[in-house]
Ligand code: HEC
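One chain comes next, on its own, written as structure tokens: the form predicted on its own.
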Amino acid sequence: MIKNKKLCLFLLGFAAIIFVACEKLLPGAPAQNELLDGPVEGLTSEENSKFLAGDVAFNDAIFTVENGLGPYFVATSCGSCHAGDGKGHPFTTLTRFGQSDTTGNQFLNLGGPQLQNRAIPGYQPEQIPAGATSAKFTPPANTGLGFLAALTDAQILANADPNDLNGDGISGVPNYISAPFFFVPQSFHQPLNGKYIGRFGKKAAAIDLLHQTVNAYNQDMGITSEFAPAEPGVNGVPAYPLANPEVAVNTVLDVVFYLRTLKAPIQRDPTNENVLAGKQLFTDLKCASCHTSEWTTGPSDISALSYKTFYPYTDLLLHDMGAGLDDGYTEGIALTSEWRTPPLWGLGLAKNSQGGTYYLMHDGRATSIEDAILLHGGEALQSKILYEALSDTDKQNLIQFLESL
């Protein structure tokens, strides 16, 4: 009996040593401020279940020929372009095509606005039609989108200054978009001549997250739904409707809910003295004239998004970025050199989903934060000039601040 007791004690002690050793060997879970994915705080149990359903549809569902892929496509899943809900990289960069004026895309019946550069066996990938202009779009990060969607049009318009009445050289304008048939205006939408303010996409061409999600299913994967029942036209063949949707309405809505309830990126080292010095420089250089730091949502049907203050560093408006960033392509009423101010939150984590290297600006041409700053022109030219005049220490502090976001 004593021998058995000693054996038991020995085994328990040995197991404890192994457990402690394993704990030391196994990596700990990443801190929340090192991750872009995860739900906002305060969701109900029912909302968490819906978030998880959307997470599975977004990140785990892979389309094949058997379940509707193609015949023309860019990607086989949502998550393949947004690893960890982060930015895309050159291998997932999209090509959009149309024309250089704002009369509306004349190539929609010929496959526009997105190039389907891959095809299932037996089909030829799409080619850009003769006469069309095009631009490269690197997929953006997905986090915090629900907070941006919860802002009112009045809040966005409050920062617009199309005629630069305040004389600061910044003249942000909203992009007004023709709504798809399934769009249901909310009380905060303020239409102008039957069009609505776009919030999402490189040129703010999607009005809300349902609009964005439906376009992604249809244009990225060739997947039809009740919201977009036709296969995209390609290579001169017009779009054609399918009798049965290839993705269920509930699945699309789960993905929209998932995107609405992804948490906002959490800043790292916000009290670091270099970060604080860089934050002040960000203001001094007038970067915040477009990259508006702080917003507060109004009421939302999702309580966790109601009356929340958040820090995306965007005004959701279009700005003329100069000839160097003019790709000769437009969407909505945006000019070819106008781009929506991209949110900067999560910038420091962008490399995690981009293979360890930054690919910034609308097309990923900038491979460092400094490269991105130096590509600014047009309304941002003065800020770039002020940046170039900084000391090396000040430049490092500014970039350290941006990497903390």
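Position 1 is the first residue in the sequence shown; the rest follow in order. Because the structure is predicted, anything quoted here is derived from the model rather than measured.
This protein has a second form, the form predicted in complex with this ligand, left out of what is shown; the following refers to that one.
The three marked residues, 139, 285 and 321, each reach this ligand in the predicted complex, with a heavy atom inside 4.5 Å. This ligand is not shown here, but in the predicted complex it comes within 4.5 Å of a heavy atom of residue 347. Interface membership of residue 94, defined by any non-hydrogen atom within 4.5 Å of this ligand in the predicted complex, is confirmed. Although the partner is absent here, residue 176 lies well away from this ligand in the predicted complex, with no heavy atom inside 4.5 Å. The closest heavy atom approach of residue 201 to this ligand in the predicted complex falls within 4.5 Å.
Contact annotation: this ligand lies within 4.5 Å of heavy atoms from the stretch 251 to 259 in the predicted complex, the single such stretch among 101 to 109, 126 to 134, 296 to 304, 251 to 259.
Residue in contact with this ligand in the predicted complex (any heavy atom within 4.5 Å), chosen from 74, 207, 234, 334: 74.
Between the options 325, 275, 119, 149, the residue in contact with this ligand in the predicted complex by a heavy atom within 4.5 angstroms is 325. The partner is not shown here, but in the predicted complex the stretch 214 to 230 reaches within 4.5 angstroms of this ligand through a heavy atom at 216, 217, 220, 221.
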